[in-house]
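What follows is a single chain, given as C-alpha cells, in the form predicted alone.
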C-alpha cells in the first residue's frame, strides 16, 4: 500500500498503470491469483478466526468463479475491460471492498483502490495476503495494474483520480457519496455507487411453530443462520437484517412463534458461549442509548436476548427509525397479516430480504406484479451476506466491462 501526500504521487501511480495493457475477461492470470487468494484465506490457521475473510476466500474459490465465467460468457456478446477503475472503500466493513475489486479485476480492468484510513485488523491481514501474492513474479503485471493507496481526505487527490478513471466505485453513507460526487468525472465515466441500505428478515410464524413440533434440529440451524446474518459484520453490512417481519394472520400465533424462535436463539447463544462485538461494553452502551430513544417513543423493548440482541417492537415502520438504528444486535420486530403488506414497510433504501417459511414463487409474483417493490434481493436466511455479482440492483460484471454485440 502506498501513502499519498500530493497529486504528484497520484500522477506517478496513474502513469505507471496506464503503461500496462488491459487484461482479458476471466483471464488465466486473474483466475490463478484468485485461486491463491482463496486457498490462503480458507486454509491459513491464523486467518481462520476471521470469519469474514474465510467467507471471502470461499467466494473466490475456483469452482465459483468458473460458474460465474460460464454464466457471463456463454452468450453471443463479447465482454472486454472498460479501463481504469477508482475504488473508494468503506470503513465500517473492512473486507467488503474486495468483492467489487475482484469483480473488476476479473473483467481485466486496472484498479486504484483507496483504502479507508480507519483501517483495522481484518483490513491489515487481507492487504498483507493480497500484497504477498502479488509479489510473486507470475503476478507482476497484476501488481503494477492494481494499486492500493491511502490518503487523508484530500479533495485534490480525489479530483485527480476521478478525472482519470473510467469507472468510479463508491462505498459509503449517503453524505459521503454526495461529498465525493463533488469531484467531477468525465461524461463517459460511470459511477457505481453502494449507498446506505436497510435489510430485513421475513419469517413465517406458522413455519417456525411447525419446526418446533417436528424438526427442532432444523430450528436450531435457522437460529444459527440468523445469528450469522446479523452479527458477522457487527450488523454494519448493508445486507445485515435489522428488522424481522413476522408473517401470520393470527397475532397469537405470531407471539408463540416469536417465543419459540428467540428461545432457540438464546439456547444457541448459551451453548456456543457466543462473545462477539455485540456483547462488548461499548456496543452495549450504544444499544442502551438507542433503546432509550425508542422507549421514549412509547415502543416496547425486550432484553431477554441481551447482551447480543436488543429487540424493539413496532406497530408500523417509519423511516426515522432507520436513522436511529445503531447496529451491533439491535433488532426491530413487527407483524404483517399477508405478504403484500411489505409494500407499506419498504422504501427506496431497502436492499435484502432474507426469508424463511414463505414461498419464493409468491414473492416473485408480488414483485413482478408491482405489488411489492423496493426490495433488491431475496435470499434464504443464512445467505444475507453472500455477495453476488448482482448487487444493489446492478449487474456488476456489466458495470465493469464494455459489452460488444453482434447480429
Partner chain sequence: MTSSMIESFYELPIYDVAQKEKEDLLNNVLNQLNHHHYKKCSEFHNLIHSMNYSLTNAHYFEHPFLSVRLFKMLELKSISSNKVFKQLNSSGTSSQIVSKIFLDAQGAKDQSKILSKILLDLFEKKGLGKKRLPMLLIESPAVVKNKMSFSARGAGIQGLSFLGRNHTYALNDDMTLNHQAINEFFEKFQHEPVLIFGFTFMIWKYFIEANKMHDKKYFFDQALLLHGGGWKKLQSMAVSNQTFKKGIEDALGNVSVHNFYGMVEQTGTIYVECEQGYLHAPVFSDVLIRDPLTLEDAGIGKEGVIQLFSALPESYPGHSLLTEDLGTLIGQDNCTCGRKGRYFTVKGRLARAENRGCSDTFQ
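Numbering follows the first chain given and starts at 1. Because the structure is predicted, anything quoted here is derived from the model rather than measured.
Another form exists, predicted in complex with the partner chain; not displayed. Remarks below refer to it.
Novice: In terms of non-hydrogen atoms within 4.5 angstroms, which of the given stretches 126 to 134, 76 to 84, 95 to 103, 235 to 243 touches the partner chain in the predicted bound form?
Specialist: It is the stretch 235 to 243.
Novice: Mark residue 284 yes when one of its heavy atoms lies within 4.5 Å of a heavy atom of the partner chain in the predicted bound form, and no otherwise.
Specialist: Contact check for residue 284: yes, within 4.5 Å of the partner chain in the predicted bound form.
Novice: Counting only non-hydrogen atoms and a 4.5 angstroms cut-off, does residue 181 reach the partner chain in the predicted bound form?
Specialist: The answer is no: residue 181 has no heavy atom within 4.5 Å of the partner chain.
Novice: So, residue 114 and the partner chain: in the predicted bound form, are they within 4.5 Å at any heavy atom pair?
Specialist: Yes, contact at 4.5 Å.
Novice: Although the partner chain is absent from this view, report whether residue 256 comes within 4.5 Å of it in the predicted bound form, heavy atoms only.
Specialist: Outside the cut-off, so no.
Novice: Identify which of 263, 300, 337, 156 has a heavy atom within 4.5 Å of the partner chain in the predicted bound form; exactly one of them does.
Specialist: Looking at the other structure, the residue within range turns out to be 300.
Novice: Looking at 252, 318, 188, 118 here, can you tell me which has any non-hydrogen atom within 4.5 angstroms of the partner chain in the predicted bound form?
Specialist: If I apply the 4.5 Å criterion carefully, the residue I get is 118.
Novice: Counting only heavy atoms, which residues in 328 to 355 are within 4.5 Å of the partner chain in the predicted bound form?
Specialist: The stretch 328 to 355, when checked against the partner chain in the predicted bound form, contributes only 328 at the 4.5 Å heavy-atom cut-off.
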